[in-house]
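Only one chain is given next, in structure tokens, and it is the form predicted alone.
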């Protein structure tokens, strides 16, 4: 029987004031409706923000190590339920089970990591230029944080946002994607079980209207959004006009550079995983492969052979390599890019159509696709397709490869395969992405290092690592003068004393 989830507001699971509900189907079998959840109204969102604003007045004064203990307990619960959580991820958004386990593990790792930060949260202490005076900086929270998350990593990405927001003393209203409600419900339920006080974490399901209401609520002090460039720009513009803190993680058009001295087998393996893992539905997916001309024919032959051998199917099946894309609009968008590529003069070397037959007709499956004869300025080489599609672009040397890599509006992840340490370091210095991999694919971030990108990918903030604390807190500088007299800083320097 289909389960119906509810919003979580001020420690209670509540039905929507709107009375409206949405359904989510299994993308591997769209006749299978897996759950219902609220289509929250502005009033539902306002109630959630109100609860968070009230809870902030006490939560911000709970010592950070105590806040962290709640997160540590949550990580322990998540670890104990890893398989259950992973199966839910696969059922609601389609990625194969082994990848879903990785999604959940990343959430577990992030939660443990942030729990450790509860006893760190380093500030600075510095010597004063005046006698009998002490200087330091400390972190303080923003207040109510709006966390708006995508469907493609329904455990990991929320953990990247919720956990650092909570440990730094913020309260949260969490608006997950309507395509991953089960994972959002489970994650909030775990935080509830771990002992998070009422109102500190609130869950408001819904679509674009609920998201807009959350962003526009004046009681929200910060918005953290992961999603498309178009929506991110709208959120950024609104927050800019209203002097509201905003953290944006948006698209990617990531490239793997393969030089003529590369380990070709290793490069092909990395390209297959980076291009077709999660059906290409990662912001770090390798949708461009820039190959030196001399090895391009051999590399392309190997890549095509591997791509054509990938097995499509339900992500719960052990034999499946590539699951479905998330929904029909995604399937149709990918199909439109096939026509765009052909019209631009690119060739579809394999794939290029919806996958049918063998039970695939009932799901949103698209064949792993490789474009050849691609020029850097083509739309298929510039725009994010977000599906199991990659381009082969030829280059003459490292310099041209780096220029092609950098010549897009996004700047999230890039990779290079080479045995030449000099070329590896030159590429590392010159590739203008937030993440660079050497002799590995474009995916595989670790939670203790900053995650994010340049240009259209983000707005300068980072997820994960200690950098996440900078997104979810403000610096407060404190001066303590114990001299017993008024000291006027630079004015108290003796005349003529220039140091």
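Numbering follows the first chain given and starts at 1. A quick note: this is a predicted structure, and the numbers were derived from the prediction, not measured.
Quick note: we don't show the form predicted in complex with ligand UN1, though the next part is all about it.
When contacts are defined as a non-hydrogen atom within 4.5 Å, none of 29, 279 and 313 contacts ligand UN1 in the predicted bound form. Checked against ligand UN1 in the predicted bound form, the residues 149, 90, 390, 152 give one hit for a heavy atom within 4.5 Å, which is 152. The listed set 217, 106, 321, 99 contains one residue whose heavy atoms approach ligand UN1 in the predicted bound form to within 4.5 Å, identified as 106. Looking at residue 275, you'd find every heavy atom of it more than 4.5 angstroms from ligand UN1 in the predicted bound form. Of the heavy atoms in residue 283, some are within 4.5 Å of ligand UN1 in the predicted bound form. Taking the partner from elsewhere, residue 443 is found to have a heavy atom lying within 4.5 Å of ligand UN1 in the predicted bound form. Ligand UN1 is not shown here, and in the predicted bound form it never comes within 4.5 Å of any heavy atom of residue 366. Contact annotation: ligand UN1 lies within 4.5 Å of heavy atoms from the stretch 283-291 in the predicted bound form, the single such stretch among 120-128, 74-82, 340-348, 283-291.
Within 4.5 angstroms of ligand UN1 in the predicted bound form, the stretch 298-329 places no non-hydrogen atom at all.
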